[in-house]
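Heads up, the chain below is alone and in the form predicted on its own; it's given as structure tokens.
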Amino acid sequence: MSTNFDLIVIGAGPAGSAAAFTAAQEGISVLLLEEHAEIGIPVVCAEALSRSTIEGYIEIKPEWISHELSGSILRGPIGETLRIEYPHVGWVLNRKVFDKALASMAQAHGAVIKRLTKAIGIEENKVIVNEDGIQKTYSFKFLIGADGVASNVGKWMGIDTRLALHEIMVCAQYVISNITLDPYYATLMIDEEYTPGGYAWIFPKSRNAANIGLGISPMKAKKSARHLLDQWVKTEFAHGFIKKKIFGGVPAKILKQFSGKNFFLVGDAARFADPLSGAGIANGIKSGVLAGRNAVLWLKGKKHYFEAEMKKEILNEIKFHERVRNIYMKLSNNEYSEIFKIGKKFFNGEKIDDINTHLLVKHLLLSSPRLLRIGFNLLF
């Protein structure tokens, strides 16, 4: 097998596989490197995906889905609930199946996949890898880094990808069975006691199992994410059976640079996770598709538009959500309760087919003098 490729993609998560699949369709030689023995394992993700965020990029197939969602239930700090009817809003995926399927799509179009192959360095146009215990090198003309939140590719290419405490959300999640829930509604909870600077979630995988977790800001939390999750689970899901425990971090930082002369960063490696919700699957796929498409343009000697497309498709929304997060971090349970009261009037129990975040945030701020004072800089 040749060791020379037009494009090397490091990381076979959704972002990397989307990039490899998109580029391979154009007939260029693609190598997709994955450090784990099996793509999609381990799962370090809440697995929820909104339909609107991925529309036009990929069609989600039924076999990739654990459960389809028809809305959400929001819970506040003093027992408030707000039920939002949003038919076909999205899905809770089966990431083990989903990730493998995306990589298989790339392979079907000619991409070469190497598992148990960990990139350990880059020298000029060569990736140095540890491939099943043996050191090897593969040459590239263009490189895409999709190696997640702990990305080394960005660092090797001269980009500062470090995260300060205020630029990360610390997450803990359990897969819990033997519980009873409405499988068509995701539940989101905000409460300073359990979710300081973040929120908690219940994402149904069936009628009696769900991904249950929380993300917190280490700047505001006095206890660990694991401790807070244990407290919540003990209180609310005492009879549940914990099948799996997952711990990790989600970036909440926008990089000043995510591309260079002959490389792009995508997904969490580029810090494209939503800084407000922590959602990363959709932006991973979108950035991967755009990176694959623009890498092909570069390889064919044409002008690429990666930065401009990223700004339009992802960065403008991320920057807005970063400003909203800065407001959210300053709120107390009293403000959360006030938001719930305003939210009930805003949604008014009607079915919706879209949530305009900009409009919703402005409505919340303009409806409350206290919130407006906190969020004045966001609006003006």
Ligand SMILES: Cc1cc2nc3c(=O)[nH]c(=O)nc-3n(C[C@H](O)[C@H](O)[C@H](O)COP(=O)(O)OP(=O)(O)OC[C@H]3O[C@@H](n4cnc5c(N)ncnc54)[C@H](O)[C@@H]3O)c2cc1C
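For every residue, the number given is its place in the sequence shown, counted from 1. Predicted model only: the values in this text are computed from it and were never measured.
As for the form predicted together with this ligand, it is not shown, yet the points below apply to it.
- Considering this ligand in the predicted bound form, the lone stretch of 73 to 81, 110 to 118, 176 to 184, 223 to 231 in range is 110 to 118 [heavy atom distance within 4.5 Å].
- Although the partner is absent here, L31 sits far enough away that none of its heavy atoms falls within 4.5 Å of this ligand in the predicted bound form.
- Contact check for G280: a heavy atom falls within 4.5 Å of this ligand in the predicted bound form.
- Remark: H36 counts among the residues lining this ligand in the predicted bound form, judged by a heavy atom distance of 4.5 Å or less.
- By the criterion of a heavy atom within 4.5 Å, I54 is excluded from the residues contacting this ligand in the predicted bound form.
- Only one of I60, I352, M329, V44 comes within 4.5 Å of this ligand in the predicted bound form through a heavy atom, and that residue is V44.
- Of the listed positions (W201, F140, F306, F237), a single one reaches within 4.5 angstroms of this ligand by any non-hydrogen atom in the predicted bound form, namely W201.
- The candidate site formed by G16, A48 and D147 is fully in contact with this ligand in the predicted bound form, as each residue has a non-hydrogen atom within 4.5 angstroms of it.
- Heavy atoms closer than or equal to 4.5 Å to this ligand in the predicted bound form belong, across 70 to 100, to one residue only: R95.
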